[in-house]
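Below, in structure tokens: the form predicted on its own, a single chain.
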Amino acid sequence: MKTSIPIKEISVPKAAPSNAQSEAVRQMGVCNACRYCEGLCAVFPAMELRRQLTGPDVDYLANLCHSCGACHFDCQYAQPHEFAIEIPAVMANLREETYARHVWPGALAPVFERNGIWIASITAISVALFLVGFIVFTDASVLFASGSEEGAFYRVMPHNAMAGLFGAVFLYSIVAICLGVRSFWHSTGSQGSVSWRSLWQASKNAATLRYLDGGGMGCMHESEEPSNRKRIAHHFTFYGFLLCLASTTSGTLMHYVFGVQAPYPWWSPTVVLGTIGGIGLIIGPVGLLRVKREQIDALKAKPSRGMDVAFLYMLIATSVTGLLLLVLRATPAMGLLLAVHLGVVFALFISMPYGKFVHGLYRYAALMRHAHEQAQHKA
């Protein structure tokens, strides 16, 4: 018996295509006639299922693209040819436009797009200064008091206040992200039912970064010499994030189920998972920043000061401050480091719906649609 996941259909008003969508339609039209690159990734087989491309279609294809760069080096119509086909760059630009188009609430998209790094930094500093001021106002001695014993963190900020503040901002981020992904899913025509088999296939493709391999050779981000650096950096980032999430979940269980308060001993699951994950969230983002810096211009999106790069910096800052807090928690620096770490975490949570974090979820939605379409096509 076939099982499927029901997805509620909604009516989405059609809008005039943007300049980025129109350019993507033009370039993909040439690709659909050529089809030389159809074996490189999922984008071209998905394209071939469409006789005519629309703006929503190329939004979907842009988020299915993994920017491996292989099609640029294989393309006979790339610049300086008069057709000027630059699929990786046009897809990168369109992806960023897609995030802004579907963000919730929409009024915040331009602010984060233009000033992402500054806003994230100012938010982190402001929250940290607020916490320091709160500590000084209530009990200044706590700010420079060492504390590795159970419950020491909550002398700096009471547990209920910490859980309430960060729980609220995390819930807001989750709601905003879900509404954005839902808008993207329906705007690209992804309606009806998706089978569990398609969901499983999309999950495997996402977890293994199947399409970040240039058709099997590797990513070509700086030359036609394939490399797995970008893929490895993505894996460190993704699985580092999952380990940190598992660490936070473990800490919640320790507190509410077993009645053990932070800070936790070195051998506890919370600390072990958080340490390994934190190291991954330094190695991975640093590697991605390096790849981004070395990437050739033909593969890059337009320069931006938005949350694309800011998200990677915030991951690094969260990991560095967290690891420093772990190492120095028994010293007088504990209170100040905890305030700084909480400020960075707050900025990370509040900025997640408006930065590069959402690209993983949009891409997963695109992979799920691709798996569903391919299954239907073969049936």
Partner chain sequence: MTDAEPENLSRFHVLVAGGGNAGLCAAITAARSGVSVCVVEAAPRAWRGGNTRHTRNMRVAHEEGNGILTGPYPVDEYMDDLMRVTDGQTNLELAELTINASQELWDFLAEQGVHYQPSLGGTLSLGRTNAFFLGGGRSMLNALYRTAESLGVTFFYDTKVVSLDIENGFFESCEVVSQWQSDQPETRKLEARAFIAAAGGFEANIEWLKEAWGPAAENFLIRGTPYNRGAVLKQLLNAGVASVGDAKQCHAVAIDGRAPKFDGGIVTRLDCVPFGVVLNANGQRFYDEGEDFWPKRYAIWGRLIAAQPDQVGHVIIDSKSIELFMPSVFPPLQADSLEQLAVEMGIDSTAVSQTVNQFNQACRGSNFDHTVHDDCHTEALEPPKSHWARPIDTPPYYAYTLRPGITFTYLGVKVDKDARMIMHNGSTSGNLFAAGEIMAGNVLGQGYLAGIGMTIGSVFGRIAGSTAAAIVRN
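Keep in mind it's a predicted model, so treat the numbers as computed, not measured. Numbering follows the first chain given and starts at 1.
Keep in mind the form predicted in complex with its partner chain is missing from the figure; the text below concerns it.
- When contacts are defined as a non-hydrogen atom within 4.5 Å, none of Leu94, Asp308 and Tyr313 contacts its partner chain in the predicted bound form.
- Although the partner is absent here, Glu224 sits close enough that one of its heavy atoms falls within 4.5 Å of its partner chain in the predicted bound form.
- Proximity of Gly280 to its partner chain in the predicted bound form falls outside the 4.5 Å heavy atom cutoff.
- The closest heavy atom approach of Leu53 to its partner chain in the predicted bound form falls outside 4.5 Å.
- Taking the partner from elsewhere, Gly133 is found to have every heavy atom lying beyond 4.5 Å of its partner chain in the predicted bound form.
- Across the options 345-353, 59-67, 33-41, 326-334, residues that bring heavy atoms within 4.5 Å of its partner chain in the predicted bound form belong to 33-41.
- Among His81, Lys204, Lys302, Arg293, the residue placing a heavy atom within 4.5 Å of its partner chain in the predicted bound form is His81.
- Of the residues Val90, Cys75, Ala176, Leu212, just one reaches its partner chain in the predicted bound form with a heavy atom at 4.5 Å or closer; this is Cys75.
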